[in-house]
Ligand SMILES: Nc1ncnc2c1ncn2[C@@H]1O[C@H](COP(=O)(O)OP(=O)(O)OP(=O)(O)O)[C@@H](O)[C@H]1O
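This document opens with one chain alone, in structure tokens, the form predicted alone.
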């Protein structure tokens, strides 16, 4: 049983390494994810400068996590669709556009949340 437990811990570490590798690969290749990462750093610095409350930090962290995660999922959907159907197809376009639209919706709400938190603190 001890060897099974050790193997389980090792597999979790390997899975974590694979996840980090995937995140880094997407950050290196996707311009929009770089933009969202830059915006997240700006939000973090603004929050520090304005000394926002713990609950405001929690809302911002959840919002940033949502936008960044959706951007990664969008990138994966686009790559999978390009792999499955490399030539242009109207349905593939709709799928990719809808995926990008989900990121846009989250990003717009993230801006509104940032305004609600930051403007009163200015």
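Treat the numbers as computed from the prediction; the structure is a model and nothing was measured. Positions refer to the first chain, counted from 1.
A second form of this protein, the form predicted in complex with this ligand, is not displayed here; the remarks below concern that form.
S.K.: Can you pick out, from 40, 32, 69, 46, the residue that has a heavy atom within 4.5 Å of this ligand in the predicted bound form?
M.R.: Here the answer is residue option 32.
S.K.: Using 4.5 Å between non-hydrogen atoms, is residue 23 touching this ligand in the predicted bound form?
M.R.: Taking the distances in the predicted bound form, the answer for residue 23 is no, it never comes within 4.5 Å of this ligand.
S.K.: Please check if residue 83 has a heavy atom lying within 4.5 Å of any heavy atom of this ligand in the predicted bound form.
M.R.: No.
S.K.: Using 4.5 Å between non-hydrogen atoms, is residue 59 touching this ligand in the predicted bound form?
M.R.: It does not: once this ligand is placed as it appears in the predicted bound form, residue 59 has no heavy atom within 4.5 Å of it.
S.K.: Would you classify residue 74 as touching this ligand in the predicted bound form, given a 4.5 Å non-hydrogen atom cut-off?
M.R.: Within the cut-off, so yes.
S.K.: Residue by residue through 97-122, which ones have a non-hydrogen atom no more than 4.5 angstroms from this ligand in the predicted bound form?
M.R.: In sequence order, 97, 100 come within 4.5 Å of the partner.
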